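Have a look below at one chain only, the form predicted alone, in structure tokens format.
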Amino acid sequence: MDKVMSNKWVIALYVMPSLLLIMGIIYIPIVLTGYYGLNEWNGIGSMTFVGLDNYRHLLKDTAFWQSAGHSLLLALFSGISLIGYLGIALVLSGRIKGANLLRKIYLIPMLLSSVAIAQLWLKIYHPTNGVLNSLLTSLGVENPPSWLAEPSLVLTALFIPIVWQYAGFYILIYYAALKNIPESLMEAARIDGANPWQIAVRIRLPLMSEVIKVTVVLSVVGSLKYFDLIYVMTDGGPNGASEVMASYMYKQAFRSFDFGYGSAAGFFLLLICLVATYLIRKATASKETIQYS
């Protein structure tokens, strides 16, 4: 067996299917998207090569940069929400009553599609019959706001269901990482007189640093390319107040039938995600890796 696995041709034979799959669904589409961005194309007829005109136009497009700002706000909000997820995971990993039930409850949003979640929150935010405004009216608020129709409120109203949607995913990751830490380390700290806060800050969080770095990247990059729930709930409205980069790219390509410009926006979105990933990894890089057995 060792002789067979040491053969380079055998290794190549095993690797080739996965490599072809990755090339077909990731790298080739990326290259094609970048190429389409160099052309003027309606998606059906022949393409006209225009060089970097689409990219130059994109850099001057205030609507695109407004959507980019909204995506960055969502990324920032999602990154900050990780602190709350981590806090919940720390509580659930402790010896509290009902922890198993709470873990299952937090996972419920993961079982729902984005469209179902959007429809649920549309009912909650309904200006006249919604649960939220009905509650505010019962508390004495005479004119509760139209959450999805006011430009100053729509982003906040959208961020809440997005954070709720992914809460179970990140809580589960943090919970698994916490449970992977040997209990003997915490027990030794307790014997030495450490309180729960000191154990969390001095032992648990440092040992989870690599997991936290991964979740920050996932959260930020995922927020930058977020699309589906915003598309269903507001379609980027009102008047572009909730437009994000992914929805702007979609509208340019599939509504305005400007696939060249839409592809340029998509390729630029990819570059922003790569830069964000690089900066996060650079900012959180450490020369030492904490290990435990």
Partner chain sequence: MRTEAVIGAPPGRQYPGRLLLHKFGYTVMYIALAAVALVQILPLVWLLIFSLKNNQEVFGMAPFAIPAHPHWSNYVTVWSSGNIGRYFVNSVWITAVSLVCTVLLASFVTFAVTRMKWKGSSLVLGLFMVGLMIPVHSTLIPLFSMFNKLHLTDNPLSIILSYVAFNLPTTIMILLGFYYALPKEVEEAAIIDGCSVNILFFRIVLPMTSSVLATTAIINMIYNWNEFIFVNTFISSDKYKTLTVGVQNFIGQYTTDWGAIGATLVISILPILLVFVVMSERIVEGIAAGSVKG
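This structure is a prediction, so every number in the text was calculated from the model and none was measured. Numbering follows the first chain given and starts at 1. Definition used throughout: the rigid core is the maximal C-alpha set that superposes within 1.5 Å between two forms.
The form predicted in complex with its partner chain exists for this protein as well; it is not shown, and the discussion that follows is about that form.
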Looking in the predicted bound form, any heavy atom of I181 within 4.5 Å of its partner chain?
no
Spell out, yes or no, whether the shortest heavy atom distance between F64 and its partner chain in the predicted bound form is within 4.5 Å.
no
Decide whether I105 counts as a contact residue for its partner chain in the predicted bound form under a heavy atom distance cut-off of 4.5 Å.
yes
At the 4.5 Å heavy atom threshold, is N143 in contact with its partner chain in the predicted bound form?
no
Which of I203, L120, L72, I212 has a heavy atom within 4.5 Å of its partner chain in the predicted bound form?
L120
Of L112, L76, L185, L155, which residue is found within 4.5 angstroms of its partner chain in the predicted bound form when only non-hydrogen atoms are counted?
L112
Establish, in the predicted bound form, whether L148, Q198 and G240 all lie within 4.5 Å of its partner chain, using non-hydrogen atoms for the distance.
no
In sequence order, which positions of 246-273 have a non-hydrogen atom within 4.5 Å of its partner chain in the predicted bound form?
A246, M249, Y250, A253, F254, F259, G262, S263, G266, L269, L270, C273
Any chance the CA of I26 moves 2 angstroms or more between this form and the one not shown, core superposed?
yes
